[in-house]
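One chain comes next, on its own, written as structure tokens: the form predicted on its own.
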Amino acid sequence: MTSLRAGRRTNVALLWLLLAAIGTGMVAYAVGTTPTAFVIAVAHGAAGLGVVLLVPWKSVVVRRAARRASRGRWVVGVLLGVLAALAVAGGTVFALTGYRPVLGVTALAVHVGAGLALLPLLSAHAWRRRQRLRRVDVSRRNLLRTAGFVVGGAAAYGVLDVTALALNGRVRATGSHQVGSGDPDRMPVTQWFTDGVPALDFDTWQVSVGGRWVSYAELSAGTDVVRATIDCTGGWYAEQEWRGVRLERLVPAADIRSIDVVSATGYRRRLPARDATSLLLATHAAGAPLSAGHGGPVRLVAPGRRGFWWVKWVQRVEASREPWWLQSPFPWQ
């Protein structure tokens, strides 16, 4: 009976740690400002490494359950273990080696992909093996034990973070590694849900702003300069000096709640009108015209936001009366 209670406590602790790791990982994609991003990154790392600390106890539970489990449940259990191991290993390798794609795939992509694949399997497994919450699950002893794993995970994350700093130099609070600061040609070319860089004609490019057309020549003559860091959810960041025209010069903020910025691909993000003073329609980075791969002729620069807010190939800017938060927090388009 004691061993059964121990197994239950291990499973409950493991479930909560995995849900915490997945939840904080998803939130981390949307947050790019400090200190919030740092707190989320630490919580994510602590939860993930807390799972590793539970492995010795979980291995005992697995061996005991394997003797009586059906083949179907055994296969699901093994798959859950493999995906969890891939998620932890991918995150650890990325932290230690930085942004280094192998055949176009990064360790962070493995980490995220395994985590997303883990979620439906974990949900189904937890539902099939669901148990009622008992008073003992929230006892002082169990809470202290769970807190111990969280603290242990946080300590392990601290060691990993210091090691990553020694190996790769400065890492942002979001966990992204520096690639191409001051040199746009070295920045990775990344796309969200597109078939690649569209065919573009810089000479004839126009942006519709509030119902009027603004040519690329007009925007490229802009003298507004913003020094900002693009922090891509792919795991890299770069600080550049961006030049173009501030949105406040083109879109009056009075009487509107938000601003829609739309790409030539149909991709769009909605931002609060109050941000018009800091948002930039950029045509240049580090003194050179933006390449098509990096969003040229015109891309949005949104300081303090993750890279998927920095809309590439901007074709329309529209005033909106809808609240800016009434949209998907992730770039599903």
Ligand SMILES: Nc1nc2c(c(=O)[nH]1)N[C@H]1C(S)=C(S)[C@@H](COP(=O)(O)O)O[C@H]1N2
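Keep in mind that what you see is a predicted model, and the values were worked out from it rather than measured. In case it trips you up, residue 1 is the first one in the sequence shown, and so on.
The same protein also exists as the form predicted in complex with this ligand; that form is not shown, yet it is the one meant from here on.
Could you confirm whether Ile230 comes within 4.5 Å of this ligand in the predicted bound form, counting heavy atoms only?
Taking the distances in the predicted bound form, the answer for Ile230 is yes, it comes within 4.5 Å of this ligand.
Taking this ligand as it sits in the predicted bound form, is Arg299 near enough to touch it, meaning that at least one heavy atom pair lies within 4.5 angstroms?
The answer is yes: Arg299 has a heavy atom within 4.5 Å of this ligand.
Would Pro272 count as a contact of this ligand in the predicted bound form, using a 4.5 angstroms cut-off between non-hydrogen atoms?
The answer is no: Pro272 has no heavy atom within 4.5 Å of this ligand.
So, in the predicted bound form, is Val311 in contact with this ligand at a 4.5 angstroms heavy atom limit?
Because a heavy atom of Val311 falls inside 4.5 Å of this ligand in the predicted bound form, the answer is yes.
Heavy atoms within 4.5 Å of this ligand in the predicted bound form: which stretch among 44-52, 23-31, 301-309, 281-289?
Checking each option against the 4.5 Å cut-off leaves 301-309.
This ligand: the contacting residue among Gln191, Gln206, Asn168, Ser181 in the predicted bound form [heavy atom, 4.5 Å]:
Filtering the options by heavy-atom distance leaves Gln191.
Between Ser263, Thr92, Thr106, Thr174, only one gets a heavy atom within 4.5 angstroms of this ligand in the predicted bound form; which residue is that?
Comparing distances to this ligand in the predicted bound form, the residue within 4.5 Å is Ser263.
For the stretch 277-295, return the residues whose heavy atoms include at least one within 4.5 Å of this ligand in the predicted bound form, in the order they occur.
If the 4.5 Å heavy-atom criterion is applied to this ligand in the predicted bound form, 277-295 yields Gly293, His294.
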